[in-house]
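Shown next are two forms of a single protein chain, provided one at a time as structure tokens under the names structure 1 and structure 2.
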Structure 1
Amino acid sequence: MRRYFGRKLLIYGLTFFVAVTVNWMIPRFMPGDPVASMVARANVTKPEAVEAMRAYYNNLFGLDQPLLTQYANFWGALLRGDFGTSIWLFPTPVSQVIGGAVPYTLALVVPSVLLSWVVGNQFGAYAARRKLLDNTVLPVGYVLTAMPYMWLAVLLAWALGVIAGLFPVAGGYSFSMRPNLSWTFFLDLLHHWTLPFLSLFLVALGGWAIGMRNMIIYELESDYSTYLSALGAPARLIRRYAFRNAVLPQITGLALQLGVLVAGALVTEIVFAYPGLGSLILKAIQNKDFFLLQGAFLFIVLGVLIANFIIDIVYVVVDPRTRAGMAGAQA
């Protein structure tokens, strides 16, 4: 078990290192000059003023130092929790801007991912080998997984928001309200949260249901199921065993899907103008705020790595073979 966690941690550590290095390299080695575009945005015409601004920004971001020093400084700042200064909301630090958006994204992603996984697995397990249900779950599941996240979001907003008028279609809370700790504000938050949540939940649901259905059929064909039914075990019991075995690959699948799920959350937030990381990234791109964009990138990578590690721990709890040191899970 120590070997299992050691290997995982090594991979996550290396991944973080690669992500930070890529994050550092891209702006420095790619065509285009962020400082030049920042200076251009300020609309200054005087040459001396342009020069002064350029020197100021170069100094601020340390672009005039040797590359290795820059790299070391980048890591140093990162470890101190300093992600630089946002340009769009100058002079707010990037970490503060992101810190304000992360709770919204987490409140959207965590429940929708977990619920769609649980409900999807139940649906899929129940539908497998039941002709009538299978024939409806399968096509619906394929249509849902094939949908672009933002399209279902737009459709839901249009049908339930604009036409039916049941839910608001923009923002994290009503514009007339200020965030405070009261029931009315909480209900308002919930009201705005419902549609983005529903859209994320539905798109992810299909994939889990299909995956579980296929796994259950595979397990029901395996030797232990045949043996159990030959012994005269009731079908429900065999199904329960099949489910427990089929859930393991689904847990691995959840880890593999995290990136896609986060991407889906980002575009869904943009549709609903939900004040999370997705809308922040959109603003960062529109305002050429590269520091904010890079900070958001590191936050997403870090979040996905932490989620991966939690799933690894869950896997050890669920699968006794990894605990016994047998090769249950692949690295």
Structure 2
Amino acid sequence: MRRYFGRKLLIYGLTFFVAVTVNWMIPRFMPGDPVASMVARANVTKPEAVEAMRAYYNNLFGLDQPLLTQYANFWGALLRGDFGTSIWLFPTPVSQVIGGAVPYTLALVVPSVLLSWVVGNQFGAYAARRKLLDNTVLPVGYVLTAMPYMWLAVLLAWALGVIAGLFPVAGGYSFSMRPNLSWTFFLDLLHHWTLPFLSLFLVALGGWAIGMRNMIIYELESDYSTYLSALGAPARLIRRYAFRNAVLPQITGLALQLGVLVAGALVTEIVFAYPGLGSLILKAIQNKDFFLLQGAFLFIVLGVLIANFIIDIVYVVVDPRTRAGMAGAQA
């Protein structure tokens, strides 16, 4: 087991290195000059003052150095936990800006991913053995999983927000309120959270339901199910074994789809102007904020890698074949 997880950690470490390197490269190959944008916002008219400000900011952010030196400085600062200073919100540290957006993204992504996986698997398992439910779940599941996240978000905002007036369509909380520890503010947060959550939950739900339905049918038609049935085993016991075997590919699918789900959450945040990492990335792109983009992408990469590692651990716990294979390799 130690060798298995050691190999996994090595793979994740290499993935992290490559992803962070690409993360550093992307902003620097984007068109535009972030320092020029800062100087333009200052509304300075004198040419000598403009040049002085440009030289000062280039030196402050290290943008006047060769790319290899910038890359080495980036890793050095990263290992110290220094994500730099935001160009858009200068002189606010990037860590402080991201710290204000991360709770909103986590509160949106974690419940939608976990609940859609659990509920989708349950619906798919029920649909596999009930024809009436199968005739309902299958077409609805195909429609939901084929919908782009942002398109469903727009539909929900229009139907439940603009037409029905049941939910707000923008922001993380009411503009008339300030964040505080009170039930009134918490309920307002929940009110604004509902539509972005439903957008992510419904799209993911359809895919999990279809996948589990197909896997349950496959398992119920397999040799061990036929053999148990011939022995007179109760149908409930056979279905239980079928579900336990069918859920393993769904766990693998969760690991594979995690990046797609996070990307969908970022786009959904932009649609609803939700104050999470998605909106923050959009603002960073618009203002050519290299350091804020790097910090936001770094958090997403770390989150996806950690979540995948946790799923690897869960897979070892729930799948005895993996444990047996690890024990055989050690022997």
Partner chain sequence: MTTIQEAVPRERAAVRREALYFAVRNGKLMTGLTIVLALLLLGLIGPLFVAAAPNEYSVKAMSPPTGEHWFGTTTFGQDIFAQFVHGLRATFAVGVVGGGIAAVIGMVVGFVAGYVGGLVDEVLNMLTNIVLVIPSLAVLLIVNAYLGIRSVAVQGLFIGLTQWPWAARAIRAQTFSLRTREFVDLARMSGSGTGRIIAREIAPNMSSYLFMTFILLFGGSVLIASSLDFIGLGPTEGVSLGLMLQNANQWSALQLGMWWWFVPPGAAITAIVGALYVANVGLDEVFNPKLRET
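So that the term is clear: the rigid core is the largest set of C-alpha atoms that superpose within 1.5 Å between two forms. Along the sequence of structure 1, residues get numbers from 1 upward. It should be emphasised that the depicted structure is a prediction, and the values quoted were computed from it without experimental measurement.
Here the chain coming from the form predicted alone is structure 2, while structure 1 comes from the other form. When the rigid core is held fixed, the Cα atom of residue 50 travels 2 angstroms or more between the two structures. Here residue 23 counts as shifted, since its C-alpha moves by at least 2 Å between the two structures after the core is aligned. For residue 131, the CA shift between the two structures after superposing the rigid core equals 2.8 Å.
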